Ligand code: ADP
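Here we start with a single chain on its own, the form predicted alone, put down as C-alpha cells.
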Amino acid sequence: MRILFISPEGLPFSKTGGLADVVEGLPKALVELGHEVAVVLPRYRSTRVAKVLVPSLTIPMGLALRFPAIADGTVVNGVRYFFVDDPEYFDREQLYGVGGVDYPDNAERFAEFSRAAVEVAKHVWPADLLHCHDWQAALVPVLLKTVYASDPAFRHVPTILTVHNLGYHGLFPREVLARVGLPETLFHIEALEFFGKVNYLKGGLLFADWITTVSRRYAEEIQTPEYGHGLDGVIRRRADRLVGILNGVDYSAWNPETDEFIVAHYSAKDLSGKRECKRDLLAEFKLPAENLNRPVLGIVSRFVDQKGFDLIAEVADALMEEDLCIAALGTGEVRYELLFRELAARFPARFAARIAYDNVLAHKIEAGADMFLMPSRYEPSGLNQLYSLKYGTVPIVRATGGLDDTIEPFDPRTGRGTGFKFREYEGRALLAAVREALRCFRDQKAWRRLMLNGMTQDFSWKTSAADYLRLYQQAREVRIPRAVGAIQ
C-alpha cells in the first residue's frame, strides 16, 4: 500500500510536540511492515532540502494565486519526504506563532499547505490513502469531497484524520472562506460553520472517511462535553468511524541501553548505570550531590493548564515539604515559568528548572530521575510516561486519556503495576499520589520490582502500526460519499 502522511510537523525536520514524534515513528514502522510511505511537511526555516521537484504550483487562494514549490527532502528510514516551499508563509521564527500568539495568517498558510499536499498526491507521489494530522491538514478531506469531488484521481482514495489534541481547532472568521478559495456553501452547521466562525478541524471531522485519535480512552473522552471542546456532538455523530489507537514509542531513540545522550547505559538486567545518570542529572541542574539518596522527580512538559500545572501551583508549598528533589524542563505560559523560577529561588538545593526546549536534557531527565510527574487535565496519548517506563523512571499520572490506558497502579502486596495514578483533578489528589510514591520508594525491594515492571513493558510502534494497517484496509473497502447531519 502507498500511504501519504500530511502533517504540519514531523521529526527529524520540525517539532513542537508529540505529533512530530508520531509522524516520525509510525511511517517508519509501516515501512518495516513492507509498505511505501511518504510524508508532506511545510518547509520551515530550519529545513534543508535536496532539490526542487516542482518549481511552481498554481494554488488559488480566493481572488489571488500563490505559487509554492514542492521540494524533495530525502529518504529517512525508508520514508520519502516532500516539502511545501513558500518562504513568505513558512520561513519564520516558529511554526505556528511567537510568544504564545498565533500568526494572523495561519488560515491562509495551512489552506495553501493542504491544497499543495493534495497536488503532491495527484502529480508527484500518487497514494492509495491520505493520512492527515490535526487541524492544519484537516482541509484535505474537505477539499477532496468538494473542490476535487469529480476528480477521478481521488475516486478511490480514502482519507484518515488523526486528532492528536482536540483542544486546537483552527478557528477563524467567516471571511476566511473567501480568502482561501472555499465555497460559501461550506458555511453551515453540517460543514465548517462553528458558532459563527470557520472551524477547520470540524470540517475534517465531518468529511474524513475515518477519524482516529491517539488512545482508546481519549476516543471515549472526546465524545463528552468535558473533553469535547464544543465538538463532542460532531464526534458522537461520527462515532461509528472513530477509532482510538495508542501512540507507540521509537525505542531506537528512547532506550537506556543505547541512548547516546546519557552518561551511562543500563538495562533491566543491570540497573547500576541509572545511579550514574542520576548523578549526572543533578550536576546538569547544579543541584547538590546530597540529593543522590533522595527521590528525584522529573518533569518535561509544556507549562500550560492542560498539563496540570495549576495543580502543581496549588500544592507547591506542601510538595516541597516532602523529602524530594525536582528537576523540571519546559516552556509555556509566563505564569508557570515564573512559578518554577520562584520555586527554584526559594528551594535552591531541591528544586531546579530549565525554561527551554532541550532534547538532550529531556533524555537525561528520563534516565536520571526516579519518578516522572504528569498530572494532566487531559492527555490524548502521552509519550513521556512511556519513555519513563522504559527508563525505570516511575510515572505519577492523572488517570486520563493515554495516561490511564498505559499506567497500571502499583500494588505492593502483589508486586503488580507500573506507576501511580490519581483521578480527581484536585491538588490534594496529586499530592496524595506523590506521597504514595514516596512511601514506596523507601521500600527498595518493592521499588526495584516496580521499576522492572515498567522496563519490561512493550509500547513499540509495531502493534500500533498493525492496528493502523487494518484501519487503512477497511477505509479502502468502505468509503462514504460525504458526511451529513452533523451537529455542533
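It should be emphasised that the depicted structure is a prediction, and the values quoted were computed from it without experimental measurement. Note that residue numbering begins at 1 and tracks the sequence as displayed.
Here the subject shifts to the form predicted in complex with ligand ADP, a form of this protein not shown in this document.
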One stretch from 102 to 110, 181 to 189, 299 to 307, 312 to 320 that, in the predicted complex, holds residues within 4.5 Å of ligand ADP by heavy atom: 299 to 307
Close approach of Arg476 to ligand ADP in the predicted complex, 4.5 Å, heavy atom: no
In the predicted complex, Tyr357 touching ligand ADP (heavy atom, 4.5 Å): yes
Contact flag, Gly330 vs ligand ADP in the predicted complex, heavy atom cut 4.5 Å: yes
Ligand ADP contact at Trp254 in the predicted complex, heavy atom, 4.5 Å: yes
Among the candidates Val176, Ile396, Leu383, Ile235, the residue which, in the predicted complex, approaches ligand ADP to within 4.5 Å (heavy atoms): Leu383
Stretch 3 to 18 - residues with a heavy atom within 4.5 Å of ligand ADP in the predicted complex: Lys15, Gly17, Gly18
